[in-house]
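We begin with a single chain expressed as structure tokens, specifically the form predicted alone.
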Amino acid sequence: MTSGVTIPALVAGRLLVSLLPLPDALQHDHQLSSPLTSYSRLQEGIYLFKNGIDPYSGGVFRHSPLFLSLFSTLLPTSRVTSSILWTLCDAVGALALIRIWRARQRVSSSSRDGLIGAVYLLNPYLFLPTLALSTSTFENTLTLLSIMFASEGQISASLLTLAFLIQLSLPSLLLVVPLFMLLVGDPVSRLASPAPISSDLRKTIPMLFEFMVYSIVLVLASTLVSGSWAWIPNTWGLGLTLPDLTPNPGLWWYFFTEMFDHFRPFFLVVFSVHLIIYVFPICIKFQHDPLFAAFILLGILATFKPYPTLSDPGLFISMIALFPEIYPYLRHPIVTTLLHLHASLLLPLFHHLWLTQGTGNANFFYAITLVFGVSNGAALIDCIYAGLRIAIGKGDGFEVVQE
């Protein structure tokens, strides 16, 4: 399957679908966009900004000031032009995924390129948020670009795209450590023959300084655009304080809806620290393959971040195509697939019953988000197991025949 034919055909098909008249309710679907990525909230913020009103004063606009500056000056906000822009953004993400695959295989092209791109462009978890014009599409593309540049050894480009990504989505800080490991190492698969990292970690010191410079410049630029520091608690602070309990496919919103106020600070700390504790164990265990470590941390983000959408597990699922060596070692791929199919069918149904028909309640939707969380967790655990199991018996003269 050649990428020279497959990718343009898929992009053209997606663009045609995005230009068709689609239900406006798609933009307000809580599964496809969150308070941090909603297109309607972005339009409202741009309108307020253009009319001299601070968009962060009302507690509705939660996007980065960089979106304000881009969409109020350079980028159009009409439905047609936005559809084209979002589709092209997904096309860039697909090409970045292909280049990551090539870097991992150390080839300039391969027969699998078209398949890798198709896995990304045909993933409904990624396609539907793009139709809803969720800004999570930009976050996914920046994630893949930062990994792509790191895999190809382009240090400055990788650090700059990573700084932009964190500016748009603070939980992406989890990717800093594996990306730095990737920059001092390489993306080639070593899952079958793990060995401690041999690169000089002192090389990361100038890279860390460069990354901090990029981040500080972006913070100052955002403050200059918004006119104050109010954007920080309304964007970065949103995932730490959780003031907006709009439903989403994640595990946080219902838990904190039922939470007594005096317990709230404690559990906010617990939930936030819970995300952080995975970084170093994963990076230490998979130090021989930092690309796989970044992949696992993306799966953890997709499962446990405060305001996820379907595009978060969509990116994780699409990246599984980069690691065909783990396929024979997956324990329950059929069960995991069926769990995802079950959840993806019932999520919109229970959401409709609750918020449109009024014949259900919040328990309906939260019950299926728990199933969705289990399906994401099952895929994550299966990939971790396969990444560890592949090395058993290598170099020690024994082989596990039956477990």
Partner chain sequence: MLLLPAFLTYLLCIASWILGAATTGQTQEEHVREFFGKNGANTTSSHTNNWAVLVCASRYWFNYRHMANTLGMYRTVKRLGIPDSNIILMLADDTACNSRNKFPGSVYANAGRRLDLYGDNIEVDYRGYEVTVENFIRVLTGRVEESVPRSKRLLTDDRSNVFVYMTGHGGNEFLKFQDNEEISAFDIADAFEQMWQKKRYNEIFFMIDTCQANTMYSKFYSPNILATGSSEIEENSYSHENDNDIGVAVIDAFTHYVLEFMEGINKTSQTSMRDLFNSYDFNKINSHAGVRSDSFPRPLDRTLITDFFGGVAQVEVLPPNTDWYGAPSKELPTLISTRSETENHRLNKIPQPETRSGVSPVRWRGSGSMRAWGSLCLVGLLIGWVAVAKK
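Treat the numbers as computed from the prediction; the structure is a model and nothing was measured. Positions refer to the first chain, counted from 1.
Separately, the form predicted together with the partner chain exists; it is not shown, and the next lines address it.
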Original post:
Any of the heavy atoms of residue 225 lying within 4.5 Å of the partner chain in the predicted bound form?
Top reply: yes
Subject >> Touches the partner chain in the predicted bound form: residue 49 (any heavy atom, 4.5 Å) >> reply: yes
Subject >> the partner chain contact in the predicted bound form: residue 333, any heavy atom under 4.5 Å >> reply: no
Subject >> Distance check, residue 74 to the partner chain in the predicted bound form, heavy atom within 4.5 Å >> reply: yes
Original post:
Can all three of 53, 69 and 217 be found with a heavy atom no more than 4.5 Å from the partner chain in the predicted bound form?
Top reply: yes
Original post:
Quick one: which of 266-274, 177-185, 137-145, 151-159 gets within 4.5 Å of the partner chain in the predicted bound form, going by heavy atoms?
Top reply: 151-159
Original post:
Looking at 316, 164, 125, 252, which is the one with a non-hydrogen atom within 4.5 Å of the partner chain in the predicted bound form?
Top reply: 164
**OP:** Check each of 208, 84, 221, 115 and return the one that places a heavy atom within 4.5 angstroms of the partner chain in the predicted bound form.
**Re:** 221
